[in-house]
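Given next, in structure tokens, is a single chain: the form predicted on its own.
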Amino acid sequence: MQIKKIGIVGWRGMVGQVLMERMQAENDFALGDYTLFSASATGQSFDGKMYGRDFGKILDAADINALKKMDVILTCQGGDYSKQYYPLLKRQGWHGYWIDAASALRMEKDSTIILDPVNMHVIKQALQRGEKTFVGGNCTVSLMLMAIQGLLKEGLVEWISTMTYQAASGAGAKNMEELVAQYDWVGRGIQKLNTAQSALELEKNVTSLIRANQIPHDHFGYSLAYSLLPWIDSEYEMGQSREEWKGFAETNKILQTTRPIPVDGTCVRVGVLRCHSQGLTIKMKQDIPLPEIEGMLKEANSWVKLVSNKKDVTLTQLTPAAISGTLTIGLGRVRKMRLGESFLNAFTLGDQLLWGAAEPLRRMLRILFE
């Protein structure tokens, strides 16, 4: 089908804003005719000068007839929207392309998880079969696969143990705002004490404040400030959280492995605003010299930045402060482990709002036009 009309839903949210910024930076708005849909700003005009085009009136995201006119619907609206309107459109005979940031449709049989630097061959095969549902992957899974693509491409990975350190914004804009509010609330509480405090007294007072039910916690349910939350998403089978289950399920769907690669670990929410990090233990299928491993890793794609396993460069280049807001996939602490010569240690991080969310969507749109 010839693609002309593209509808964007959920463009006002955090991922949607990042997507719009990236599309403007890459001149994606020149590809076709764009219509903006919203659940709360219907009928309003949107000043699109910053994007170099006039989008016209904002249409209702629940208007099925308007949605059916789109050749492509690109949505960052969330899983509830996808679960309601995707099947409704299909039942009414819509045959357009659906590109989705939410997780709701990822594991459906007729959907393809998109991460084209890693699985372009899978995407092309899906297009050749006539499939039209393309979904962005879990943020930590996508970032991990980008980081270690060189080893996966050579078929060297036997299994992976992941320990993630996930930013507040991975839970949503309101959660990120709540983390800032929690730090502010504790800071003001300490100031009210208005007394000189020893380090131990300071710790006791801060701990008392974060245990207090008065700290803002409507979204996380607990204090993330000055703490961490070693559980993300709902409870799942085998004692896993659903976020941990995605590591195995989505890795193997993205790669379309014939023999699944075991992936497991613990997912932790930490007091960082943006940028997910993860420590990896990788069991290799064979003992490969470390220089060869490093060569495979840094040559796999254009975005991996291999950081030397030295203290000074690690602490300046392999942190959320250094990586947030960029397309760089930081990868460092690469070394053989005392567990054995076939065990590899690594630490990687990336901006989950970019490669973990918005970037695969805009690149999928480009693939459709190409």
Ligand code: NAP
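Quick note: we count residues from 1 along the sequence shown, nothing fancier. None of these values were measured; they are calculated from a predicted model.
Below: the form predicted in complex with the named molecule, not depicted.
Contact with the named molecule in the predicted bound form, defined as any heavy atom within 4.5 Å, is confined among 122-130, 260-268, 198-206, 168-176 to 168-176. When the named molecule is considered in the predicted bound form, only one residue from Ala225, Ile148, Val141, Cys76 comes within 4.5 Å through any heavy atom, namely Cys76. With the partner omitted from this view, the residue of Val72, Ile160, Ala101, Ile113 that lies near the named molecule in the predicted bound form is Ala101 [heavy atom within 4.5 Å]. Taking non-hydrogen atoms only, Thr328 never approaches the named molecule to within 4.5 angstroms in the predicted bound form.
With a 4.5 Å cutoff on heavy atoms, Ser40 counts as touching the named molecule in the predicted bound form. The named molecule in the predicted bound form comes within 4.5 Å of a heavy atom belonging to Ala357.
Proximity of Met23 to the named molecule in the predicted bound form: non-hydrogen atoms within 4.5 Å are absent; the residue sits far from the partner. Scanning 10-40 for heavy atoms within 4.5 Å of the named molecule in the predicted bound form gives Gly10, Trp11, Arg12, Gly13, Met14, Val15, Gly16, Ser38, Ala39, Ser40 in sequence order.
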